[in-house]
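Only one chain comes next, encoded as structure tokens, the form predicted alone.
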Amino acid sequence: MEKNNEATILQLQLQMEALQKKVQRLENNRQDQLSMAIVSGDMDKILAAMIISLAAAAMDTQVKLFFSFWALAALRDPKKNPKGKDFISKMFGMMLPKSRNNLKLSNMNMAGMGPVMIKSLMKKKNVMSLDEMFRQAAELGIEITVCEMSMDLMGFKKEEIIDYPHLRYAGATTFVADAGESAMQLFI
């Protein structure tokens, strides 16, 4: 009976050591980094993503944003008009907002009055505008990755995307790799 107890204890110790090694490997692969996938093109959700990103960057956390699908509208530059788009690409371009300043609210959009009211409140309460948040993000080194597949599906071209110093174009595997190294992952 005593030998069985000793064998069981030895087995448990070996399992505990193996688990400790696995936990150590996982902890060593995680960085003080926030990876956020942003797929919504709603103003309030883009605001939330930017506020969280700026807070994390201000705390010296590396921030990597992955803009995909409807969120790409927030990265469109209203002054840029690329040529050579096919019919469907032109339709997406006409139907979607052409900058972060033209985004709708997810709730209480009120035929466009909701965003006007939120922007007015933000100004009154000294909350940075989306333009100011993007400028601050650039200063803090926040990286923005534009999903190439979403751009292609929606007919957007690199020529119509905002100028941003830490911008890159990549696919979902890049986001997954970044998220795998991050201590925090969010999806908006």
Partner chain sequence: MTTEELKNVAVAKSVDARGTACPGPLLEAKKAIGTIGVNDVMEVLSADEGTKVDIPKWCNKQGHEYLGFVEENGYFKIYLKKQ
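Positions refer to the first chain, counted from 1. These numbers come from a predicted model, not from an experiment.
The same protein also has a form predicted in complex with the partner chain, omitted here; what follows describes it.
Among 158-166, 66-74, 145-153, 47-55, which stretch has residues whose heavy atoms lie within 4.5 Å of the partner chain in the predicted bound form? Going by heavy atoms within 4.5 Å, the stretch is 47-55.
Would the partner chain be touched by all three of D32, M59 and V127 in the predicted bound form, meaning a heavy atom each within 4.5 Å? Affirmative, all three are within 4.5 Å.
Does D131 reach the partner chain in the predicted bound form, with heavy atoms at most 4.5 Å apart? D131: no contact with the partner chain in the predicted bound form.
Going by a heavy atom distance of 4.5 Å, is S40 a contact of the partner chain in the predicted bound form? S40: no contact with the partner chain in the predicted bound form.
Could you confirm whether L140 comes within 4.5 Å of the partner chain in the predicted bound form, counting heavy atoms only? Answer yes; at least one heavy atom of L140 falls within 4.5 Å of the partner chain in the predicted bound form.
Pick out the residues of 145-177 whose heavy atoms come within 4.5 Å of the partner chain in the predicted bound form. Sequence-ordered list is empty.
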